[in-house]
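Starting off, we have a lone chain in the form predicted alone, written out as structure tokens.
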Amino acid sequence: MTDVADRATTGFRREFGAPPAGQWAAPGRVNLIGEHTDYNDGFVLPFALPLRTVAAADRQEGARWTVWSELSGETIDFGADEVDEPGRVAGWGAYVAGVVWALREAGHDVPGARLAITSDVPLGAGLSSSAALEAAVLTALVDLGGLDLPAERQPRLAQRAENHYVGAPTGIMDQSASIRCRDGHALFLDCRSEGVEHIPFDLRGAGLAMLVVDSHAPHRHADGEYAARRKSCEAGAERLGVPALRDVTVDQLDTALARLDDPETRRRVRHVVTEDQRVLDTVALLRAGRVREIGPLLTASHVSMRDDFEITVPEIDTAVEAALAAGALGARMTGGGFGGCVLALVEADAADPVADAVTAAYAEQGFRAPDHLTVLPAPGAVRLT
């Protein structure tokens, strides 16, 4: 954290000739289980990563925002006129402008600001770098302006920025995880009520580790396919006469599937309904302190994503299979699919051997070598200084 925060302050001083008023950090996330259930009003169980995006910031006069990004090397500047017309600010700047827009749309008097953005959340890895950026900027602006926006209302506003300003049809999970997670816990989120419960997730105490493998698989048609999955789920719910697929239980699943004529829709519905149940089963095990018993649920989730939701790719499946063959207690893809990362629940002393097995399997298939790290659940968005 110190390095990425120091870089933000250094960048701010260089770009703006003065120290920032403070630093605000927000994490990336991995979803332990509950994939593509969020926009179906279902249940998810993410936890925050120790990888963070940092916004060093200070106020400036007028309704203008000047933002430097370490990643792009660019400095962009926009005012209220550009912000209030979605599409005027593009690229990475749209995530920043979208937050300003959403705050203004909600009636908040957003302060003009200068910001320097740094991050160690990998882009394109399915670790929610976009939500980390939104949450870091949001918490900075809320603090700088003294805005009346409690933490429980912030994820929905950040999601609105991404949905309506950036144009990405994401659910509420990513922003909720980045803003509301707690150290040492997973965030059990009901995506309909937005109620949360912080579930103890003591990997170290159980003698376990969570290995995160970045597959480096190129995202193949990810945006269009994500939208297609969402449309299919909505069509299934409409055909079944329910507000969302969350309203179909596992006990009702066979009857529900028999009412659907389209085989693809049946597969999509089956994934969502069974995935919601897997989240509930995982939560029950974690509440009871039975951490190592969640492994088979993680693996079953991956099989469902592979076969019913059809969102995995060869690199991802290879990583899961190699991790399981090397002794992982469970493994699954995490994120929206078509690339991204794999989670593997492993014995604490087995993280490196399992990672080495995945790397060897990649070499055999001629894939680009993956990266990996081991993580523990970290806190959500916070002011650092």
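Numbering starts at 1 and follows the sequence shown. What you are looking at is a predicted structure, and each value in this text was computed from that prediction instead of being measured.
If you look for the form predicted in complex with alpha-D-galactopyranose (GLA), you will not find it shown, but the lines that follow are about it.
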Is residue 111 part of the interface with alpha-D-galactopyranose (GLA) in the model of the complex - any heavy atom within 4.5 Å?
no
Check whether residue 339 has any heavy atom within 4.5 Å of a heavy atom of alpha-D-galactopyranose (GLA) in the model of the complex, and answer yes or no.
no
Report whether the minimum heavy atom distance between residue 277 and alpha-D-galactopyranose (GLA) in the model of the complex is within 4.5 Å.
no
With the partner left out of view, is residue 170 within 4.5 angstroms of alpha-D-galactopyranose (GLA) in the model of the complex by any non-hydrogen atom?
yes
Of the candidate stretches 35 to 43, 317 to 325, 55 to 63, 345 to 353, the one with residues having heavy atoms within 4.5 Å of alpha-D-galactopyranose (GLA) in the model of the complex is 35 to 43
